[in-house]
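For reference, the chain that follows is the form predicted alone, supplied as structure tokens.
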Amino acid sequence: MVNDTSIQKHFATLPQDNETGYKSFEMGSFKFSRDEYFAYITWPTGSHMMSIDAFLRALMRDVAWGFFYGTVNFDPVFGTTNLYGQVEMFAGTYHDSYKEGGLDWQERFESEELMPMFKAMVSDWTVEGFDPFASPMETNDAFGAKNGDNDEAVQRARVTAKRMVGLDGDTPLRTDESGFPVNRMFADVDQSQPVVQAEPGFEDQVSAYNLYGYLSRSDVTWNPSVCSVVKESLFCPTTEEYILPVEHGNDRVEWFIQLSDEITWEVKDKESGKPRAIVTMKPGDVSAMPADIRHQGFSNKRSMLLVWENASPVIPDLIKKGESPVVPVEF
């Protein structure tokens, strides 16, 4: 079922639960609440629950990515789809059983209206000591009654370069002095930097840096930064450990280059969630995730991944019209 009306209103914050101390939230027909262990989502035709740690990790990525490209599935039932200016929040839309049972529901919101609610929810529901950006071995758990917050973690600013990391006027390199120590799993990564001798007059245009050293100091997982921009081509490296907290449904082809260690990807049909492939990537492997799938990664050791995105705003419409393929090449 669909409610296509754009909601032009602010979200509602409901009274705190007297037992757990957490606030509840409401946006359109969707209501959100949590207790010591679970997040609860209700809508006019159904309801759903998720373990609170999994929900917060997914919510944190949706906030940090600005709803990202395409669909962010928190799990097989609930998620959001970025319409670039508007966001579709759904439950059961991409789940065959929910649709067959008439339990599916989706509503469209202005992005600038939905994002404040998501930010307020991740702030109120994140307890002291829990970092939804971190791997499980780097943080305390998310469970229990309301106990402080961790706004320092959930309000991290995503690194977004306008040119290339390290160039004058753009994002600085990560160093010990800037408060980014080498991660425990990357202690063996060479930290030396390349030497660049630019011709006079070109010092602010020619640069190089140690990408492995830069990534070894990342204090977050599954959160791609933007380290270089050439027109609409974005290089977005990231470090991955444990499980990607969402199933990402593409609206364009997405390229992966495995830089270190290993990631296993579960690839499913975007609309139904039915399995399509399992892809194991090792250092040097390159893969393209098609525009008609969803994917979720698993990494048993912190690994480095380079994600290459074409940020062109016209691609989703071209694919919908059949004017652009869903794969990079057809054999």
Partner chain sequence: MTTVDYKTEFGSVADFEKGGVTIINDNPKNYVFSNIYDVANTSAPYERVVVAINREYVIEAARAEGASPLYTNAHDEFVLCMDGEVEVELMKPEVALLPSDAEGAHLVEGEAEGQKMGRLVLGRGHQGLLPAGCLYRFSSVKVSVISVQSILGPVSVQKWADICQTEA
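Residue numbers count along the first chain shown, from 1. Source: prediction; values computed, not measured.
What comes next is about the form predicted together with its partner chain, which is not displayed.
Taking 4.5 angstroms as the cut-off for heavy atoms, does residue 276 touch its partner chain in the predicted bound form? Contact check for residue 276: yes, within 4.5 Å of its partner chain in the predicted bound form.
Touches its partner chain in the predicted bound form: residue 13 (any heavy atom, 4.5 Å): Because no heavy atom of residue 13 falls inside 4.5 Å of its partner chain in the predicted bound form, the answer is no.
Any chance residue 157 has a heavy atom within 4.5 Å of its partner chain in the predicted bound form? No, residue 157 stays farther than 4.5 Å from its partner chain in the predicted bound form.
Using a 4.5 angstroms cut-off on non-hydrogen atoms, would residue 194 count as touching its partner chain in the predicted bound form? Output for residue 194 is yes: heavy atoms within 4.5 Å of its partner chain.
Consider the chain as shown here, without its partner, and state which of 83, 257, 173, 145 has a heavy atom within 4.5 Å of its partner chain in the predicted bound form. For this set of options, the contacting one is 257.
Hey, of 88-96, 149-157, 232-240, 126-134, which bit sits against its partner chain in the predicted bound form at 4.5 Å between non-hydrogen atoms? Within 4.5 Å of the partner lies stretch 232-240.
Contact set, 209-228 vs its partner chain in the predicted bound form - heavy atom within 4.5 angstroms: Contacting residues: 209, 210, 211, 212, 227, 228.
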